[in-house]
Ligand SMILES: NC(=O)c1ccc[n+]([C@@H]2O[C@H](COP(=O)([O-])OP(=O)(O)OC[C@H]3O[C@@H](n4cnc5c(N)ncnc54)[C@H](OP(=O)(O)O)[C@@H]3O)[C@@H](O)[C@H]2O)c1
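Take a look at this one chain, the form predicted alone, written out in structure tokens.
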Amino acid sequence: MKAILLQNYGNLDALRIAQVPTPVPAAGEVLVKVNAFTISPLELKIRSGEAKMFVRRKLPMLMGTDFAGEIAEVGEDSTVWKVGDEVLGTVDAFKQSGPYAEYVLVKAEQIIPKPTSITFETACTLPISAVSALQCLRDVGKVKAGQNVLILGAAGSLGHISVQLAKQMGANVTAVCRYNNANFVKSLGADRVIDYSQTSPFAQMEAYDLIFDVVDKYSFKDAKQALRRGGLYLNTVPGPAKMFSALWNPFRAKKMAVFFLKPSIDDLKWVVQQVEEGKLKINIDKTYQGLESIYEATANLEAGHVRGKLVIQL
């Protein structure tokens, strides 16, 4: 099969398209023909080497996390899945070969059925971004009705979902983005928009119960003046310095946390249901065609200012 391999940690040219053996599912596994996959910021961190301390695979390795497609082959003991089933799911990017390929091998419990009402392109955007947004706000941020939430990077892949979910939870949402995305984030339910190129997101002192930093361009030191006493600054990009800083939480009136995704089929089913019912809208900024588009798509994501998600269709 054709696949995109990471040859070495580095820039975009570290990715190479190659022919590799098509995997064969063992007991408890299924082989999925990939119809669409998305690119997440996590994959950029892995490729650059910033997250290599967490990687448990050897180079060269097959990249990717989220995907949607059709089951092409099942392990001999499979009673749940059959060939032709339409599914969506994710792999553990630190331990498993990913879906930057024509086929991806996964454990049977890592996928769920794709509803017919949701396209493959939309389905592949949900496992990491939507589940992360849910867990950040519900489990770590513990958002409650009436609280004030500031979302940094509100127009991006994780941010535009977080705006919607925070509003569902009854929060007052202030969205931080570029001026040309203001109407977009307002359409998602944001109560107030800050153009970061004109105004500091933290100019309002002790205003927020939760500051959710999706873009990782700020620090706890930057944000804490805008937190209320007992408030939380939540960052989605792990790193040694941030993790060390988070350990001091018991001694702080204003706290910091670093998010780690906990894969959950139940949470994935919930966000899929939200999309089915029209309560959660996924904005796909652009859909690319074919594995060869990985270079253009990734360069676009790295340049920033993507509104929602980027998808590669096979």
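Everything numeric in this text was worked out from a predicted model, so none of it was measured. Start at 1 and count along the sequence shown; that's the residue number.
Only in words, not in the display: the form predicted together with this ligand, which the text now covers.
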Contact of V149 with this ligand in the model of the complex (heavy atom, 4.5 Å): no
Close approach of Y218 to this ligand in the model of the complex, 4.5 Å, heavy atom: yes
This ligand contact at N181 in the model of the complex, heavy atom, 4.5 Å: yes
L42, heavy atom within 4.5 angstroms of this ligand in the model of the complex: yes
The single option of V306, L291, L15, A297 touching this ligand in the model of the complex, heavy atom within 4.5 Å: V306
Candidate from L59, I265, V55, L261 lying within 4.5 Å of this ligand in the model of the complex - any heavy atom: L261
In the model of the complex, segment of 124 to 132, 103 to 111, 220 to 228, 68 to 76 with a heavy atom within 4.5 Å of this ligand: 124 to 132
Any residue of 144 to 178 that, in the model of the complex, places a heavy atom within 4.5 Å of this ligand: L152, G153, A155, G156, S157, L158, G159, V176, C177, R178
